[in-house]
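One chain follows as structure tokens, the form predicted on its own.
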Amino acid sequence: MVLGAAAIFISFATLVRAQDAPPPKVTIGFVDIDGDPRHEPIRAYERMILKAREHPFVGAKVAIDEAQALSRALKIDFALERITVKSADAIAAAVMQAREKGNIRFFVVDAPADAFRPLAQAMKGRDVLLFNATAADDALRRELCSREVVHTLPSLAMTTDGLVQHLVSRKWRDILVLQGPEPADAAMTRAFEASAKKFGARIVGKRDFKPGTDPRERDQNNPLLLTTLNRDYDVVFIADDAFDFARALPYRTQRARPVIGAIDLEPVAWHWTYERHGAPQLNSRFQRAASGRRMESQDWAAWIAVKMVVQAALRTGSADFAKLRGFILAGNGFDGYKGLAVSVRPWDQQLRQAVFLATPNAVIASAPIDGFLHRVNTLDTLGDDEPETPCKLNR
């Protein structure tokens, strides 16, 4: 009888300790760079801001706030820890420290493409998953090809594929290309040319422009002269990361033709005017959290990265890193509020997703465009399909 009472007491004490034990916790690190020039406003001159480019941390914050209701039901705590470093060179060390001392395994990384090679090398084979939310460079999906990196922002190839699909669907196949002087302009032009070839559009002319007003360089800085061609074209595509020349191009072309690319009709991951699939509610939550700022592509990419981790915990009922990572990379679908479910491609770990074709005040279309088919998933008509890429992480 005494042994039975002791056993009951021990069982009760064990139950009390179990009830008092804190729930498991999943902490997601958000890594960014202090003074990152990619998030500085684009200015025409000191007082005229052409584009206000913001850090996408608020997108991740909105997703972690959304997770709090699930946290109570799952008995798993979710937290977001911002890790700001002084330079891109410091990212790998900061991630390593957060992994070892803070037990953080998931990281949303807001960094330029150059930061990912040393970061991927430092994390190779380690139990981490890095979400690239702000670097669209195709080389990260092709040459870098890291098992530790998931790309939630669409690649350049995905966005230009979506844009060209729309042009071809409208039978606007003949295109004049204008390219700016920046490396980003050359990268965008290469992606667009590859998309045109892929879907049967034609580059009927290509001209380099040079911003400025020097009359000696008017062949390169005058929109009328740049767009004067001895054959017709349906649209003008412009690659202008600096935006200053692009903003003055519409309605100044030699022919009355639409301008696309850097202005007027842009391919984007997200747009504040999208009106379907829960997007208005997400946009409203973001605007409240961001003091009125509108949600943009990089904000969405940070948001979906956090949401994927939370949803993986919900569907597996676990906070275990290996289970969550396995679920995310297994091709399971997640609701990105774009209609078609998003999922991770097994060959390069790019997130499959729709691409919006948007003017400043409306989403005109969502790619993949009807009629562009794929044997498995129509989203794989955008960007590098498995046979097209040198990255073969699934082999």
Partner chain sequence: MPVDRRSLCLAALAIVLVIAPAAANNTGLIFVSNEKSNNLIVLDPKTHKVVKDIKTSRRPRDMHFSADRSQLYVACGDDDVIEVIDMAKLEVVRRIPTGNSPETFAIDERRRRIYIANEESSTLATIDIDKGIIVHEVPTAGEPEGVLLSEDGRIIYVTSEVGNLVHMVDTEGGHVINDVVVGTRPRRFAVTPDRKELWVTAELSGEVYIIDREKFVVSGKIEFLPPGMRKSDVTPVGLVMTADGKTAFVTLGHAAHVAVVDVPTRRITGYILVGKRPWGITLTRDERTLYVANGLGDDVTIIDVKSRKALQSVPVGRVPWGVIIDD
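Remember, predicted model here, so these are calculated numbers, not experimental data. Positions refer to the first chain, counted from 1.
Just so it is clear, the following notes concern the form predicted in complex with its partner chain, a form of the same protein that is not shown.
- prompt: in the predicted complex, which of the listed residues (169, 121, 87, 281) lies with a heavy atom within 4.5 Å of its partner chain?
  reply: Exactly one listed residue reaches within 4.5 Å, namely 281.
- prompt: Which listed residue (323, 288, 197, 294) meets the criterion of a heavy atom within 4.5 Å of its partner chain in the predicted complex?
  reply: Exactly one residue meets the criterion: 288.
message: To test your reading of this chain, name the stretch in 357 to 365, 47 to 55, 31 to 39, 66 to 74 whose heavy atoms come within 4.5 Å of its partner chain in the predicted complex.
response: Correct option: 66 to 74.
Full three-residue contact with its partner chain in the predicted complex, heavy atom 4.5 Å, for 314, 339 and 373: The answer is yes: all three residues contact the partner (heavy atom, 4.5 Å cut-off).
Close approach of residue 255 to its partner chain in the predicted complex, 4.5 Å, heavy atom: No.
task: Look up in the predicted complex whether residue 99 has a non-hydrogen atom within 4.5 angstroms of its partner chain, and give yes or no.
output: Answer no; every heavy atom of residue 99 is more than 4.5 Å from its partner chain in the predicted complex.
query: Any of the heavy atoms of residue 275 lying within 4.5 Å of its partner chain in the predicted complex?
result: Yes, residue 275 sits close enough to its partner chain in the predicted complex that at least one of its heavy atoms falls within 4.5 Å.
- prompt: Any of the heavy atoms of residue 307 lying within 4.5 Å of its partner chain in the predicted complex?
  reply: The answer is yes: residue 307 has a heavy atom within 4.5 Å of its partner chain.
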